[in-house]
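Before any questions on binding or motion, here is one chain by itself as structure tokens, the form predicted on its own.
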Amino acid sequence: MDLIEKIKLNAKREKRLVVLPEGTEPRTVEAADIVIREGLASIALIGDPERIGSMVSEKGFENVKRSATIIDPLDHPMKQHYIDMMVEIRKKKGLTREQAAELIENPLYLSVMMIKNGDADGEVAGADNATGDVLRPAFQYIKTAPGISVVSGAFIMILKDREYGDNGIMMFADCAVHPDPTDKELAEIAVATAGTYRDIVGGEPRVAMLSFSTKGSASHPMVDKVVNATRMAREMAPGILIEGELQADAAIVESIGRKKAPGSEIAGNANVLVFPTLETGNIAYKLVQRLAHAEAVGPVLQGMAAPINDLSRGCSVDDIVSLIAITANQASGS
């Protein structure tokens, strides 16, 4: 069984409710129909019911017609309750009822309020909205998980060479969100990525904190950041195997790991790679994806108090289906 099949199987067991605020976006509706047909999650689509209904009838999306919950952002039973919640949560920021009444008609805000109120387990958006627009309501109302101050993006890397990671499965972070994390933020990213690995891939994460130095082979403030982050991450999560600072080859090649970091439980055998900056992580995952012909699944957003995931606006229907299944897995682990 490959990883995506495993993720889908786990999603089927849990049957979480995932809200799709881009309910009139054609790829999203098609993906919803597939998700319902395959039993991966329950689906709530937010959007003009007439537009959704016309699309469903025209395309023959019988599963959406039969089983999806369609929510009109302008008129639904929970509207006043969500407005009250928004005002209460943001009253120190000066949010008025009039402002909240306008915001709640935006599907991206409505979706996070559904999650905040326990009416949905997670959200997938981004096929029709920029990342900033997707994340802003989540930052304001869902906020970050306890003990975490930074949101990051992890990619599941499925390699053709099964020698690396766990039978070719690795996780890279942060490759999508935070340009230059502090040592504390880097530690939080490491702990969050280990949790994402457990929730989605399964098994025990072995986290390598990457640098251009291995165990003091170079001296530089950028190395110091990784050393400090490693110490902090271990203090935050003493039950997780975390090692640093390690060069990439020392992290994933057993013979080099033994030579450069003798006695390490992780060196040469890491399945989670945490990069010191966004530029290094983003460059690395794209190079591995293209040069090694690896499949890069993600980004999976992590660090939020509930699963909120952002698609590329160039995503395919299959991408949306996979991310809904991943979101269901995250909800089950949270």
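This one's a predicted model, so the numbers in the text were calculated from it and none came from an experiment. All residue numbers refer to positions in the sequence shown, first residue = 1.
What comes next is about the form predicted together with a small molecule, which does not appear here.
**Message:** Since only the chain is shown here, I'm wondering whether Pro179 would be in contact with the small molecule in the predicted complex (any heavy atom pair within 4.5 Å).
**Reply:** Residue-level check for Pro179: yes, a contact with the small molecule.
**Asked** Heavy atoms within 4.5 Å of the small molecule in the predicted complex: does Arg258 have any?
**Response** Flag for Arg258 set to no.
**Message:** Can you tell me whether Gln140 touches the small molecule? I mean in the predicted complex, with a 4.5 angstroms heavy atom cut-off.
**Reply:** Heavy-atom contact with the small molecule at 4.5 Å: present for Gln140.
**Item:** Distance check, Arg136 to the small molecule in the predicted complex, heavy atom within 4.5 Å
**Value:** Arg136: contacts the small molecule in the predicted complex.
**Request:** Go through 46-54, 62-70, 285-293, 263-271 and give me the stretch that gets within 4.5 Å of the small molecule in the predicted complex, heavy atoms only.
**Result:** So the stretch in question is 285-293.
**Item:** Site check Gly132, Thr144 and Val151: each within 4.5 Å of the small molecule in the predicted complex by heavy atom
**Value:** Affirmative, all three are within 4.5 Å.
**Message:** Going by heavy atom distances of 4.5 angstroms or less, which of Lys79, Lys116, Arg90, Arg234 would be at the interface with the small molecule in the predicted complex?
**Reply:** Exactly one residue meets the criterion: Arg90.
**Item:** Ile34, Ala305, Val297, Leu278 - the one with a heavy atom within 4.5 Å of the small molecule in the predicted complex
**Value:** It is Leu278 that has a heavy atom within 4.5 Å of the partner.
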